[in-house]
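In the structure tokens that follow, the same protein chain appears in two forms, which are kept apart as structure 1 and structure 2.
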Structure 1
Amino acid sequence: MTAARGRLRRIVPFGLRTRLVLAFLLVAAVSAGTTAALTYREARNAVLVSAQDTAVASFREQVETLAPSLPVDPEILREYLYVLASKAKPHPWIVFAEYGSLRVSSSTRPTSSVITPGLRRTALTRSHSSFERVVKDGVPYLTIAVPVLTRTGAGDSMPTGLVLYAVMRMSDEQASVDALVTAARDGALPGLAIALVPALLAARGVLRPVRELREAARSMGSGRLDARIKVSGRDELADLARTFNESAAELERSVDELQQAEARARRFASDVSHELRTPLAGMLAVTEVLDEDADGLDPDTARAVRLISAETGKLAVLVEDLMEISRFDARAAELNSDEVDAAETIRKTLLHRHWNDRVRTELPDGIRARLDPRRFDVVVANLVGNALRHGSEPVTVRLGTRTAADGTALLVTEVTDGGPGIRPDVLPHIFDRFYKADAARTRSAGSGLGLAITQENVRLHGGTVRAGNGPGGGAVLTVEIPLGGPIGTDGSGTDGSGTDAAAGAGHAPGAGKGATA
């Protein structure tokens, strides 16, 4: 659970959260930027307009105080310009005058490189003042042109041909504007940083239902079909959650029905075997009577009687196996574990079934394992019986240990035969119930459940069983079960022989320990 939480908290590079936050920040940035830009522009224009208007008005005012005599004498005009230059407002300016071909200024240079031909033409051809902002070498200048007019009569005037120019550096304005940019930037960046907080909150708000959905989906995936999401609100996510809940309920209902049907089928099989068992108990008790007395009957009756006797025995085995499988299906099978000597357990199995001279063994002594002797006996007996029936001799049982990847010490039991091996198309199915590898061989000595029961027994031990073919061609069935019993039940492991790491080499059990057979 904690691992799942950790995964939730991880920031996916371009996940939904990142994109939401980015989108939010983008909107915040655009609005902050636009506001800043508009404010900046207004403020800048206000600064500039104020400076320009002041300059133009005051320049014209200054010029109007003049009373030049025409035609203008350059020396006198220069004196005028000095006066005008000294009364600069709001910033110092240099004054230039043009009169016919005369060029006079308040500075050392008679003409200015800042005054554009456009401004000059406007000043000469129109009788009104004008100004132009010029940036030269990164320095902004305000250039003002005022044509000098003179009155000709009542309210009428004519240009005298004299034009005065003022050139003013706008350094202060530039400083103010630069300060505005800085202020806008310094205001917008913290604003963006602060916007990150609501962005994260909003992303969380949107993502919480998504996260709940994911957790619910995951818990459904892990089998908890009753997982539901709390539906709140009426948005699209709420619709999604509602749909999810409906689907989950439907799924739960279907699965429930399936499980009930399966349980009914299993109970039926179990009930049938139960019911068969009572008559079989009576029949099996008297088969001996039939066998003994068959000799005294006429041959046909004797054959019939022997057939009934033999089939009754097989039927009893089949019913017993069916009962066993039913118990596995109902999870009613219990493991009665005991710590035993593995080699002795296998030897006793072979001895009990009189297989000890038909089966070769490589059973190193001293391997103690925690297992259910009765179930392990069934496992070994089924594997060896299967090898003897379907393969051909020599059948070999090897015992060994190895260490699994996760460090668990495993008891490895391997049964091989000298037959042709298992066909590849059969291999995946040999642990299936009633699977017949050969359609022609309708029935064999076994019930058809032997390997399935073997597999269930191995699983009950927390182990695995594999089928394959050896390099020599014969079938190899390998059972691996934890030496200490199923994981979770702590085996006592009083002697450590089973945890020999060198035995980890052992797909060929016993090979690493020296053959003892």
Structure 2
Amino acid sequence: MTAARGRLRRIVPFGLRTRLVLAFLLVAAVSAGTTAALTYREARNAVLVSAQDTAVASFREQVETLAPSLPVDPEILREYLYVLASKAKPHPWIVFAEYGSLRVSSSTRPTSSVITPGLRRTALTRSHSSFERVVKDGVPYLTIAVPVLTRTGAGDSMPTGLVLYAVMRMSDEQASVDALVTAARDGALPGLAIALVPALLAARGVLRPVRELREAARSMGSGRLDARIKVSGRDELADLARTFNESAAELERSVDELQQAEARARRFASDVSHELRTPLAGMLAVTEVLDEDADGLDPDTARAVRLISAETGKLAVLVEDLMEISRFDARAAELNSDEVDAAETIRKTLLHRHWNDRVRTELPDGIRARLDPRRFDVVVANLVGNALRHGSEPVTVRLGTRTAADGTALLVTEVTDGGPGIRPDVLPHIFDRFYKADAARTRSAGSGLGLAITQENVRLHGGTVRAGNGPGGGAVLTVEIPLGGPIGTDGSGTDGSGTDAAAGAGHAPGAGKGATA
């Protein structure tokens, strides 16, 4: 199971580990991309500016040297252009001369289209050189324009109208720039792969305390309140682990105190019940003798004797119920199961309590179930007695079977009455101990434990009991118990409660539950 959970945890697509690694890689990618972009820009500018400055300075120097002797005659001018073209650096260039409509080139290749109209306008309106980088058909060019100046008698310079252009291919510089891009791209992927290692290590360092916290919380949820987390470091996760350990220790102390208090309460109820049984047995014997002689006493004394006898009987019932509850709380109650006829068991319950004439029955024969007859007798007696006491006749007991959603065959016992039903505010508390629907009936005939004992007995059988109201009114209490006994057990064994376990079998304890309105 643990390995399966581990595999499930590793394949979670958007788990904390995945988010941490992705965040780390994103930061690494952004950092690498920003660094590569800045480096590329600076390197590109350095490569291009170096070639550009060299070419512009060289061409301007050559033009200024030849300017005084430059003719306007096309053939002679072409010879000068050849001379300028031969001195090109850092790369070969083609030189053009333009004077009005005159166009002269040092090459027959039609590359003058690289010169943009904007550069021509700039060259004609300014007296200094200008340049422009142009990409034509995917090929980068550097175009340089230098106007030819002449000096006046006053020593000033003025344009002659003749402009020389140099067009230089920058393929080598573009290749260097492309190499930079390729190097940046090829270096980024291995860099991200390498960054994955510290990302995983960082995620592991963060998730280890989280996993330990989860395992400790799961252990505490399963009842191991002594689970603690190893605290290491002084960061926020260490503070979290320290806080968890302190909270777990405080919870363990609180639960231990509650368990001790609960154990003391159970022991107290059990001890008191055992201590009361002996004097109560003597009191019951005395009250029986007094009841027999009550008719010979004066009316006031007879009434007092009968009152004492009744209250002593109630106290005896309460003590037996408390002992039964204490056995359930101590988990000492066990089943002594046998395969019985369910309908016959219910008939015996009604017969022993003289309820045959007051209770209607729908008990089909032939339904056999694996039950503890004594405990099932208590369940039926409590439900019927509660209906007779706090509902209205007719009271009906129905027996049947049904199949649960998981395929389990269930024995269904239903007790209904003709009363007004159970109030909605009472239904959630119907099986609570000592709960009574009417607070004014604090001195009812029952102990207030009957339905609680019923629920515990049904649970011991592996079944459920629920309360509700019928469509036409009246309370409906339904018990469902597996026909074959509790799931996962064989239903056999001796009752660990000993002779005390028989308490309540001969009466309807808790009939004063006050469950109905």
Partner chain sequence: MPRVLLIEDDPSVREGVELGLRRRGHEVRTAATGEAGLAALRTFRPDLLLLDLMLPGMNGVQVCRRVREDSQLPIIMLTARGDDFDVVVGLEAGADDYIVKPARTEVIDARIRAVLRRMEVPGSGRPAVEFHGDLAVDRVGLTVAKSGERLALAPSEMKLLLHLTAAPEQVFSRQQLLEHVWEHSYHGDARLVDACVRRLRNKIEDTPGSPRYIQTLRGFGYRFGPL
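Along the sequence of structure 1, residues get numbers from 1 upward. Throughout, rigid core stands for the largest set of C-alpha atoms superposing within 1.5 Å between the two forms. This structure is a prediction, so every number in the text was calculated from the model and none was measured.
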property: Structure number of the form predicted alone; result: 2
property: Core-aligned C-alpha movement of P279 between structures 1 and 2, 2 Å or more; result: no
property: Core fit, then A97 C-alpha moves 2 Å or more between structures 1 and 2; result: yes
property: Large Cα move at R374 between structures 1 and 2, threshold 2 Å, rigid core; result: no
property: Angstrom shift of the Cα atom of A302 between structures 1 and 2 (superposition on rigid core); result: 2.6
